[in-house]
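First, one chain by itself in structure tokens, the form predicted on its own.
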Amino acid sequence: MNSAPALPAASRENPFPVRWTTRAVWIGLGLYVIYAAARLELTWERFVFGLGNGGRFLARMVPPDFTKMDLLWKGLSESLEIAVIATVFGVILSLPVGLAASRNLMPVWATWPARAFIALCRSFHPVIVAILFVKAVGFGAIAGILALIVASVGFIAKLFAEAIEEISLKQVEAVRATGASFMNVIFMAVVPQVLARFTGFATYQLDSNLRNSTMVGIVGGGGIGSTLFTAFQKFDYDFVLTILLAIIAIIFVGEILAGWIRRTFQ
């Protein structure tokens, strides 16, 4: 009887080799999660107790109170104004910063300071920045606007710089060959390639600022966040639910508006 031919060495190798390094990383991550949960006293008893408190809290919020619509509309309108103003100035400031940070168009001595400035703007949450501005300029909408401008520059300028770095340089060289100035090159060769993406960035940032205006208001930056914080302090939980429903509604409207703008200009 003829014996079966021996398989080549390559076919006898395990197609699913054990990656001990990957396993060690996952085991280490699991052990650290257990250690962190123990340090933070995350127990099942506390979770169940929190569910009970949460149920009682939600019961006190129902039904919503619609008798204080003046306060509600004032806070919502102020949040909308904060978001729009912060987005407009954030976009305007992001244009030169993002251009300066693009490594395919600008020299190193310009890109490094611009990228450092973008990283600085992105280093802190808008709530932390709002606290700093509240201490600097006092309570009110101006602190919230300044905080959201910083957040807008950190987000839009970074994405704008990345979009410029992905453009085709053939159009840039073609416009340069005509003897056009630097600004003409930007407007004729760069802007047409990134306009659609930049419009998307700006609309997304407007939507983000609408949400963040609520958070900065809680720390004194004006808007509906201040109204919400005051309602919590007064234990006016039924009005809290009204405010939350209004915030959800305005975010939905912002999503619809942002989608319409993207479809219109892209």
Partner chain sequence: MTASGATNGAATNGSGQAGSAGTRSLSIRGLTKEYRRGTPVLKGITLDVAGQGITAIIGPSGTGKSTLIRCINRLVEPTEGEIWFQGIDLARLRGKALREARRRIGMVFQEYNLVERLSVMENLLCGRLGYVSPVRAWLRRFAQADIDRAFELLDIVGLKGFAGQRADALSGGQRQRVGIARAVMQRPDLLLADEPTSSLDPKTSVEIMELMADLTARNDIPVVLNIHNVELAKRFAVRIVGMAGGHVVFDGPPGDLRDEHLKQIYGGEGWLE
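Positions refer to the first chain, counted from 1. Worth saying up front: this structure is predicted, and the values here are computed from it rather than measured.
Just so it is clear, the following notes concern the form predicted together with the partner chain, a form of the same protein that is not shown.
Visitor: Is the partner chain in the predicted bound form close enough to K170, N184 and P192 that every residue in that trio has a heavy atom within 4.5 angstroms of it?
Guide: Each of the three qualifies.
Visitor: Is there a non-hydrogen atom of N104 within 4.5 angstroms of a non-hydrogen atom of the partner chain in the predicted bound form?
Guide: Taking the distances in the predicted bound form, the answer for N104 is no, it never comes within 4.5 Å of the partner chain.
Visitor: Indicate whether V108 is a 4.5 Å heavy atom neighbour of the partner chain in the predicted bound form.
Guide: V108: no contact with the partner chain in the predicted bound form.
Visitor: At the 4.5 Å heavy atom threshold, is L71 in contact with the partner chain in the predicted bound form?
Guide: It does not: once the partner chain is placed as it appears in the predicted bound form, L71 has no heavy atom within 4.5 Å of it.
Visitor: Any of the heavy atoms of R115 lying within 4.5 Å of the partner chain in the predicted bound form?
Guide: Although the partner chain is absent here, R115 would stay clear of it in the predicted bound form, with no heavy atoms inside 4.5 Å.
Visitor: Counting only heavy atoms, which residues in 174 to 196 are within 4.5 Å of the partner chain in the predicted bound form?
Guide: A174, V175, R176, A177, T178, G179, A180, S181, M183, N184, F187, M188, A189, V191, P192, Q193, A196, in sequence order.
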